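Have a look below at one chain only, the form predicted on its own, in structure tokens format.
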């Protein structure tokens, strides 16, 4: 396609099935996210704070935008969350991602945001697990047997190959049963479904929570449940962890310190978090603190950021162009 033809073409529309057929791995997305944070550390990223608000009848809306001029792209995601959707046959989180060229702003892709969010979130978990899991970590506790419960187990096994066991919990027993059926035998990890969140956390080397993001926190994770040397990765803000457990952590990390404290101030999220010892931008610069002993307890709070979405979307577009995947929509003008 010539540059003149490209300028007149419409965006590429990519559905979940299109995206799944691209063959992208969590490890590859982790690598491009790490590259994006190196650009951020160098001061070459524009990423305003996320817009997030709860709806009157439950659920939430949010949007996030980002530009990475060295990559040549900018993008915006809008999504909605509603925990009652599955009962109506709909995903609990829905949304779309718009990818544009940084120069000129031409829209080049419209991407299913649920898939994009899922793989970039798993990749962020992989980045932290690769860096901060204690040596020889063998067990994982999963709180939430949905998409992230599946992808994070895959991600952890990729970067911590010593993992052998997984205890998983979900508030919906049906989700737990399906998780056991689908995940047993995968990745060489033994799966056990447990009846309480406490049972999933107790003694696990890595704990991941991806429960509903809600105003009312459940705080099931208390200090005595966390094993020495454990790594806790929260994908649900601090909805599952108690204030005391956060205070007892030897190190606290986030994908972005500024975004976390902005959310704390403006959205009443992360109320238990009083410090962040390092974030991915600082880690990318090579000067951040890391695990100092096998017994340290470490928490990671993942905001979910526009920079992560954009990095993943750029890689999605690159692969989609190679495979000529998706539907070419008519041009916006003319």
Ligand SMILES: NC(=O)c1ccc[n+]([C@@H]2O[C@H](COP(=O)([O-])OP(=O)(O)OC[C@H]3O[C@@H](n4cnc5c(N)ncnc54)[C@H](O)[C@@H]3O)[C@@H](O)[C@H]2O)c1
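Numbering follows the first chain given and starts at 1. All figures in this text were calculated on a predicted structure; none of them were measured in a lab.
There is another form of the same protein, the form predicted in complex with the ligand; it is not shown, and what comes next is about it.
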Legend entry - Site check 117, 171 and 303: each within 4.5 Å of the ligand in the predicted complex by heavy atom: yes
Inset, instruction - Tell me, yes or no, whether residue 257 is in contact with the ligand in the predicted complex, where a contact means a heavy atom of each within 4.5 Å. - result: no
Inset, instruction - Answer yes if any heavy atom of residue 143 is within 4.5 Å of a heavy atom of the ligand in the predicted complex; otherwise answer no. - result: yes
Inset, instruction - Find out whether any non-hydrogen atom of residue 147 is located within 4.5 angstroms of the ligand in the predicted complex, and reply yes or no. - result: yes
Legend entry - Partner contact for residue 98 in the predicted complex: the ligand, 4.5 angstroms, heavy atom: no
Legend entry - Listed residue (253, 240, 232, 156) with a non-hydrogen atom within 4.5 angstroms of the ligand in the predicted complex: 240
Inset, instruction - Identify which of 93, 227, 245, 189 has a heavy atom within 4.5 Å of the ligand in the predicted complex; exactly one of them does. - result: 93
Legend entry - Stretch in contact, per heavy atom within 4.5 angstroms of the ligand in the predicted complex, of 210-218, 104-112, 258-266, 68-76: 210-218
Legend entry - Members of 57-74 lying within 4.5 angstroms of the ligand, judged by heavy atom, in the predicted complex: 60
